[in-house]
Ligand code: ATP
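In structure tokens, the next block holds one chain alone, the form predicted on its own.
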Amino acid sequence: MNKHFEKAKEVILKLQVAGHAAYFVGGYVRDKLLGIESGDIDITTSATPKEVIELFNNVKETGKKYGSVTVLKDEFKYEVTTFRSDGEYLDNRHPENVVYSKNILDDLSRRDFTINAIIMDEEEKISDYYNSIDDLNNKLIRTINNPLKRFEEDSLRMLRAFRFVSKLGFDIEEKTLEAIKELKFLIKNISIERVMVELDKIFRGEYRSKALKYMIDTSVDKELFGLSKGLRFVSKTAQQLYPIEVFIICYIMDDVEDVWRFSNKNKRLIDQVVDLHEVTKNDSFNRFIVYVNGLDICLMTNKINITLGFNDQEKLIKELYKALPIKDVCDLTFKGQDILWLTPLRKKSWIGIIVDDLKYNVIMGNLPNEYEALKEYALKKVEELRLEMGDTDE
């Protein structure tokens, strides 16, 4: 038994008992017909958000402004959206207002693609008002009604079309494709955060290359703030790449505009891999590079290097990492604290220089990681610094 689906049926039945129409809709129905497992179950209903909130014990008002709330049952959550028609779209993304309806056709007519406008009742009976089943069988992505209007209303739908290509391997219907070509410039009106969400899904899809080729054929790639050259390269490779790796390739191949919003962690990762690529694309990794950057970053950089046509150094990287005498500065047998205890030196910057010197020589095999050997070397360096710089005590 599919508990997720059974709990969703309970939501629908409770809505129906209260006198409301309710159906499964969208991606869950589409994927079920395609034999694909889906983790999201959406429900559309004639009940208003207020009526849904009053009917269920645990409801989050996630998108109440646009008629959507989230009903929680046990460990599952279901987006429940009121039948509605949309008002005028003023920003190529959101309607100025929504009007609730009791007619399911009002709701389905505002949706993006035919394959997402199939409804199913609690007994799994399908209702198809837009020849959606034919489009599923023919593997076509087609907008509901006029594609120009659909994309002018919400420009994100153009990227969603590519996302479904990447996930399903479908073709984009001719008029839909022509509308994307004509209105591609509207993509720059979408918040960069929403663009990145869609790109993440496009890059993860099984049919990524096909989706990227559509983006190139429609020149949508040129609207993506410097990603074009990288995406054109990635479209021609079968290498499995994480989304962040696709972005790294784009940064390597061209001057990407400073509009993309990454977490601080991912910003550092991109900068680190781009720099390491420049150092290692034509030269070998060495012990110090592997120590400083760590095994995972070195392997990711090597993967990028291979994808871009440079030599595979994976075996060397793993051998170097395994042979490292220390994996972290705390593994040194003689540390900065020992310098404080054994010498009058108190200037932290100079102690740091000496520790870095110790670390480098141990990693490169010039010194053994043994207390007495490191102590002798460090004390000698302390005296050299005191003579060179004068009194460095604080």
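These numbers come from a predicted model, not from an experiment. Numbers follow the displayed sequence, beginning with 1.
From this point on, the text means the form predicted together with the named molecule, which you will not see here.
Chemist: Could you tell me which one of Ser101, Asn116, Thr307, Gln272 places a heavy atom within 4.5 Å of the named molecule in the model of the complex?
Modeler: Exactly one residue meets the criterion: Asn116.
Chemist: Though the named molecule is not shown, can you say which of Lys222, Arg111, Arg287, His277 has a heavy atom within 4.5 Å of it in the model of the complex?
Modeler: In short, Arg111.
Chemist: Check Lys335, Asp338 and Arg386: does every one of them have a heavy atom within 4.5 Å of the named molecule in the model of the complex?
Modeler: Not a single listed residue reaches the named molecule in the model of the complex, so no.
Chemist: Pick the stretch from 309-317, 261-269, 210-218, 153-161 whose residues have a heavy atom within 4.5 Å of the named molecule in the model of the complex.
Modeler: Selected stretch: 153-161.
Chemist: Is there a non-hydrogen atom of Gly67 within 4.5 angstroms of a non-hydrogen atom of the named molecule in the model of the complex?
Modeler: No, no contact at 4.5 Å.
Chemist: So in the model of the complex, does any heavy atom of Lys167 sit within 4.5 Å of the named molecule?
Modeler: Although the named molecule is absent here, Lys167 would touch it in the model of the complex, with heavy atoms inside 4.5 Å.
Chemist: Classify Gly27 as contacting or not contacting the named molecule in the model of the complex by the rule of any non-hydrogen atom within 4.5 angstroms, answering yes or no.
Modeler: Yes - in the model of the complex, heavy atoms of Gly27 and the named molecule come within 4.5 Å of each other.
Chemist: Wondering, does Glu51 line up within 4.5 Å of the named molecule in the model of the complex on heavy atoms?
Modeler: Result no; Glu51 lies far from the named molecule in the model of the complex.
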